[in-house]
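Next up is one chain by itself, shown in structure tokens, the form predicted alone.
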Amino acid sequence: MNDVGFSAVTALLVVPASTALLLVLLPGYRVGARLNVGAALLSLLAAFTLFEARPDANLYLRVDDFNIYLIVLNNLVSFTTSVFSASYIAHELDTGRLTPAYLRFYHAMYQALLFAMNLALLANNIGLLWVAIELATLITVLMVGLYRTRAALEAAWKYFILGSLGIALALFGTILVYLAAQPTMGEGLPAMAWDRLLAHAKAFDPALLNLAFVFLLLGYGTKAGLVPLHAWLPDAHAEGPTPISAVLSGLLLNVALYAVLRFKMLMSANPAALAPGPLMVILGLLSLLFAGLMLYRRGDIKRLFAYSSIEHMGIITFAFGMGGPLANFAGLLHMTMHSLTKSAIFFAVGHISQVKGTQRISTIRGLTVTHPTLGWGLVAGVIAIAGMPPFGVFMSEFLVVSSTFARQPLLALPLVIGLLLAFGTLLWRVHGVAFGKPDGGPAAPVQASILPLLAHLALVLIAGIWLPGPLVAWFLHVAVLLG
């Protein structure tokens, strides 16, 4: 195994895990916040190292063309969110919403969550993948209830109950895949290694694979926020700390969908198995249309963008369900652009809710006058996530729509209707928030770093104008692998 690559993979797991244990013991907020940022930066540097030195796969861990960029994206957004979190959580301490003990717990859980997501992306064992995603779910359940209010605890319990349902469904699907592999590969760990499963998938019982994929899609689809098992997501975003909303929308939903795509590749490798695409197309369209309608009724700004996340996970799932090089390319690009854009929006929303003292859309007015940087940052983020040029989301949505028109024109109609519903709602909502008449009270100062917000928006803008050659080559290569 390549020593440098092995060291990088080790760092991606050991750094957040050991930092989480250390943060439990540290009493001071400032030291804990700085250590949280520093550890996230080390993980990001280790992720970048994998581009130059990729380790060999074993029965437990694997770095391949599919997951390497997602590992980098995961650690990039984790790092920028930790920078945003340092100032955001300091304000929560100053206002008394969180105690020093809860802050120590928060920072430890942040690193534990990063460990779990890295482990899920690196896992070559389908059982280890399940364990990692469920660990990430349980950690976020604890973080959603951090404020200990009645609404926060209710949101955490709802997340736990629906997450448990997803746990059961995904576990049953994983067991079925193992049973399908046993006659060909025998018992033991090799029959759970994803790369070996893919190599032998043609010989698996297609009936078992079909049943397994249904359970896996519903189980991991619960974690991805797909309708109809999405109900935990709006409450979790609205009641939990805003940095966790950024991580949930920008990262954890991707990790869950990544698991679905791994198993989709297994299904595609077996010519006798049912095509997984139609199921994904149905769930994707259902999520898109449902979220587009629900956006009109949201009065809480964090819930508004939570439903926007459901919408975009629907678009991504639809794209991968359509399949083919162009649609898969669009899905990969949209996954990346959504992660960067939605986390930037939550950075802005977090600051806005603090300076305004509310999350109610009706009471947040005239931000471009009272807080120009935040106001215009939110406007840019909403324009980007609504799919307007010149941002990267426009490019990915254009590719999804054009590939659908070329192959399945009838499916393009509900797709475009869903996109237009969300587009109109978001622009309508942001108009009053950004350009409405400000209230008469004095504007509270922004006591937080806006660099993560600006950095993400800059990346999405650059991606809408120019994509680096290596990134395009990777997307094209993985698009072919996904079938």
Partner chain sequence: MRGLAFDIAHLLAGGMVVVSFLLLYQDRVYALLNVFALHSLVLALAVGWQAYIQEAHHLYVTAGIALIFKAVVIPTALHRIVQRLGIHRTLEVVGGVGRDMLAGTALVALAILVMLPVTAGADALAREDLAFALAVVLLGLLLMVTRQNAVSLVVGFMSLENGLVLAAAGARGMPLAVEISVAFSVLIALIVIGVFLFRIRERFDSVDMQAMDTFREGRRK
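Residue numbers count along the first chain shown, from 1. Just so we're clear, the structure is a prediction, and the values are computed from it rather than from any experiment.
The discussion below concerns the form predicted in complex with its partner chain, not included here.
S.K.: Taking Asn58, Asn67 and His91 together, does each of them reach its partner chain in the predicted bound form with some heavy atom inside 4.5 Å?
M.R.: Not one of the three qualifies.
S.K.: Go through Ile161, Leu413, Ala272, Val214 and name the one with a heavy atom inside 4.5 Å of its partner chain in the predicted bound form.
M.R.: Of the candidates Ile161, Leu413, Ala272, Val214, Ile161 is the one lying within 4.5 Å of its partner chain in the predicted bound form.
S.K.: Would you kindly say which of Phe398, Trp376, Tyr102, Phe405 lies with a heavy atom within 4.5 Å of its partner chain in the predicted bound form?
M.R.: None of the other options qualify; the answer is Tyr102.
S.K.: Looking at 189 to 197, 81 to 89, 386 to 394, 116 to 124, which stretch has residues with any non-hydrogen atom within 4.5 Å of its partner chain in the predicted bound form?
M.R.: Within 4.5 Å of the partner lies stretch 189 to 197.
S.K.: How about Ala156 - does it come within 4.5 Å of its partner chain in the predicted bound form, if we only consider non-hydrogen atoms?
M.R.: Ala156: contacts its partner chain in the predicted bound form.
S.K.: Quick one: does Gln182 come within 4.5 Å of its partner chain in the predicted bound form, counting heavy atoms only?
M.R.: Close contact exists here: in the predicted bound form, Gln182 approaches its partner chain to within 4.5 Å, heavy atoms only.
S.K.: In the predicted bound form, does Tyr258 come within 4.5 Å of its partner chain, counting heavy atoms only?
M.R.: Answer no; every heavy atom of Tyr258 is more than 4.5 Å from its partner chain in the predicted bound form.
S.K.: Within a 4.5 Å heavy atom cut-off, is Gly366 in contact with its partner chain in the predicted bound form?
M.R.: Because no heavy atom of Gly366 falls inside 4.5 Å of its partner chain in the predicted bound form, the answer is no.
S.K.: In the predicted bound form, which residues of 121 to 142 put a heavy atom within 4.5 Å of its partner chain?
M.R.: The stretch touches the partner through Asn125, Gly127, Leu128, Trp130, Val131, Glu134, Leu138, Val141, Leu142.
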